[in-house]
Ligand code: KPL
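This document opens with one chain alone, in structure tokens, the form predicted alone.
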């Protein structure tokens, strides 16, 4: 099986490295330093006290990639349109493209580029941090859930088997939209607050004001999901967000890292989508709109 991973950041390196022992893996991206590092020395993964390296193909040219059976998008949301177009150019007949990105609008962009029957979305709870171009720390393990429809079932089954062979806790589900919204509820609370306050996830629980803001953001997002007719994978959104803050206490959210490095954030694809859907469904989201505009303003 041939896999092309679109994205050369933390998750891109993590998935490419683990899959390399079980498939022909190509990495495709625009980060020149990472592409050069992978071409020169391969990918280096740090897992606890152990470090290991593996080789994959790496290129910035989608036309250099032979027809792929699977295309995995792990780029930032503002890069989805380009990555989806590249996936369409790389995907072979009968292939499957999957978005494992944060945000709620990536799947529709991918489907528009490659076709509904050749695309799906997934949610991964794997954690990874870039140490240097082509070097990643595997920061935490978690399940990877792949959306399945009758049209995509054969391709999803092959992908799930491959991910399992590579050591990932992968499974197919017909409830991926609710799971994606569940992750978005958590991200909508933690990511913008950590970015605006400049603190780690655990520090968001340090005082009553921060906890109140977390709770309000999570409750608004959960209300939009409910109006959407979705049953979230947890009963209490506030308890879930606080649980994640405690479990990832030392983590700096991706949005905080983006703000600190002067990079575009994924605020539009998380809180921005929640605000837009709230307006469409007549659900008030004033706290989400405020942090959305504050992060955009910053």
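Residue numbers count along the first chain shown, from 1. It should be emphasised that the depicted structure is a prediction, and the values quoted were computed from it without experimental measurement.
The protein also exists as the form predicted in complex with this ligand; that form is not presented, and the subsequent description refers to it.
Judged by heavy atoms within 4.5 Å of this ligand in the predicted bound form, the contact stretch among the candidates 231 to 239, 34 to 42, 250 to 258, 53 to 61 is 250 to 258. Not one of 8, 30 and 132 comes within 4.5 Å of this ligand in the predicted bound form, counting any heavy atom.
This ligand is not drawn, but in the predicted bound form it has no heavy atom within 4.5 Å of residue 106. Not displayed here, this ligand is approached by residue 190 to within 4.5 Å at the level of heavy atoms in the predicted bound form. Although the partner is absent here, residue 77 lies well away from this ligand in the predicted bound form, with no heavy atom inside 4.5 Å.
Among residues of the shown chain, residue 183 is one whose heavy atoms approach this ligand to within 4.5 Å in the predicted bound form. Residue 102 is the only member of 95 to 119 with a non-hydrogen atom no more than 4.5 angstroms from this ligand in the predicted bound form.
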